[in-house]
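Read the single chain below, which is given as structure tokens and is the form predicted on its own.
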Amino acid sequence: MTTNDFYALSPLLAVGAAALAVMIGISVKRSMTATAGLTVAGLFVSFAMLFPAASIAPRIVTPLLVIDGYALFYMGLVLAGTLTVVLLSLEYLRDRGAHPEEYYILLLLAAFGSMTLVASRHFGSLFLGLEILSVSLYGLIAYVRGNEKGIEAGIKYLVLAAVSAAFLVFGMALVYTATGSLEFSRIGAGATPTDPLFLAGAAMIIVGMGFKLAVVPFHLWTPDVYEGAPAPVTAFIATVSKGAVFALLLRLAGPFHILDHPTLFTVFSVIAVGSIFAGNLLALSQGNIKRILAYSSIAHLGYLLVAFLAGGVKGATAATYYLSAYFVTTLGAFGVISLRSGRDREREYIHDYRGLAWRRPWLAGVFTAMLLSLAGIPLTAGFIGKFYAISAGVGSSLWFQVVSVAIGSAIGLFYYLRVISVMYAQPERHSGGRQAVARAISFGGGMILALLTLGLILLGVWPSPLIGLITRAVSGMN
């Protein structure tokens, strides 16, 4: 490896070094504040190293990784999402668990696995990145030992992730048999779209990735894991974890001829439409906000897949912008839940938010903005993201998929407005004691929510700078 190779890998190396530094720091002295400080510093250093890496991109570093504008953009998105989760976790973990320091090691390792995924150009790095991410999530989901739902969620995720990994590895083996290579670019050159082995391998890989994305019919784990996991961890799963896998799917689209092969195209179309309707319809009857957001995330992955199916630079740009807006919105929504959760339990039920606008109007305003963005209301990032997704679909004549997006969005508006209406209803007189135990929002937590809300509005009224950045990144995808 050359010096430039190390410069290209510096964002990844910085996150790995941060995890090691946190581990050594814990062995010297346990301090949640110091551990969180080291984690934040490591993430900032990694983010800063994106700029020298960009100066020499694109660069192929061994057959495993490619550092191009596309990978660097998604690495920045992963780092920003992880940093937000770290800051939200400070408030959440303060009163939970005897030793919360190891939590930050797992979070850094999960970020490392996600960054490896977005830079992968080989099945070897794909599998290593995915397993680093998954193994870290096992511990994070069940981290709060006193939470029985969390332990159950961790076990469910462990079993189902192991099964999906088996499908993924078997699919890789079949694709290797059909093409003679594990590199994405060589797979594209050696693939025969009508080869039964190639099609069977691609189908198994879709099953493995479908589980990570929580799309229909691989979505059944999602509400239970979202409900059982700590709120900041749920935010990480919903954004960073899924975002990294979706970035990998976009990179795989070319070599696997997904958009050129009628069978694969039909499979993804069915998954997209099924996810839109199943996610939105199942969310209608939920009384738990984390489960509502879980089913909502299934629908949003369906919207993302419509942009993915549009193909080309326009489709990839629309999908990436939608994902960026989804990061901001979902982190903000789970941020409200995290910061409102008390020592006894999380504030995750709809009735916990009854009359919130009368007690904490600014917090209700933030949550309202996030829910309206998820619904795709104008002047929010979600509206622009959905507009670009529909535009890409129309440009590729995906009329059935576009109509599904419109119908699904109309259904979703109902359960988002249901939560909003409860927040602005008169509080129940007998609930004062129950609401009083909710933790006071710290200055730091308030600043995080304020920045996320500002980003949501900024992306909704002035999207052109980010659109330009994304277009340049996806145009140079290797």
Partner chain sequence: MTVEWLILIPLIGGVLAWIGGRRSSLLPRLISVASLGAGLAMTASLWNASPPVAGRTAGQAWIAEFNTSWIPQLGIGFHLGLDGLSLLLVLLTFFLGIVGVLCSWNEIKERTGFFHLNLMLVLTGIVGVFLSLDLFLFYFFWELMLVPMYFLISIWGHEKRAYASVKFFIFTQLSGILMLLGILGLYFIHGRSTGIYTFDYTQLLGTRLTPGQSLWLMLGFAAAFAVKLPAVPFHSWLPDAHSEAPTAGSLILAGLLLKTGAYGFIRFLVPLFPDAVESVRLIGMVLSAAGILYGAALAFSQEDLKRLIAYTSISHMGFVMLGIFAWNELSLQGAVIQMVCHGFSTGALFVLAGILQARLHTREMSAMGGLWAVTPRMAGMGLFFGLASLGLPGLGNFIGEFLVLLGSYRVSGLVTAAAATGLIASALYSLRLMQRVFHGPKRDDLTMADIAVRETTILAVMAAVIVVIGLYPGPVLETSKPAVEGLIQKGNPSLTPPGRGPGAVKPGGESSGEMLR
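Everything numeric in this text was worked out from a predicted model, so none of it was measured. Positions refer to the first chain, counted from 1.
The form predicted together with the partner chain is left out here; the points below concern that form.
Enquirer: Considering non-hydrogen atoms and a 4.5 Å limit, does the partner chain approach P378 in the model of the complex?
Expert: Yes - in the model of the complex, heavy atoms of P378 and the partner chain come within 4.5 Å of each other.
Enquirer: Would you please decide whether L451 lies within 4.5 angstroms of the partner chain in the model of the complex, comparing each non-hydrogen atom pair?
Expert: L451: no contact with the partner chain in the model of the complex.
Enquirer: Considering only heavy atoms, tell me if I132 and the partner chain come within 4.5 Å of each other in the model of the complex.
Expert: No.
Enquirer: Report whether the minimum heavy atom distance between A410 and the partner chain in the model of the complex is within 4.5 Å.
Expert: Close contact exists here: in the model of the complex, A410 approaches the partner chain to within 4.5 Å, heavy atoms only.
Enquirer: Exactly one of N288, S125, S269, S391 has a non-hydrogen atom within 4.5 Å of the partner chain in the model of the complex; which residue is it?
Expert: Spelling it out, the residue with a heavy atom inside the cut-off is S391.
Enquirer: Of these, L220, A166, V403, V159, which has a heavy atom no more than 4.5 Å from the partner chain in the model of the complex?
Expert: Looking at the other structure, the residue within range turns out to be V403.
Enquirer: Suppose contact means a heavy atom within 4.5 Å; in the model of the complex, does that hold for all of Q426, V461 and S464 with the partner chain?
Expert: All of them do, each having a heavy atom within 4.5 Å of the partner.
Enquirer: Which of these stretches, 357 to 365, 101 to 109, 248 to 256, 275 to 283, has heavy atoms within 4.5 Å of the partner chain in the model of the complex?
Expert: Checking each option against the 4.5 Å cut-off leaves 357 to 365.
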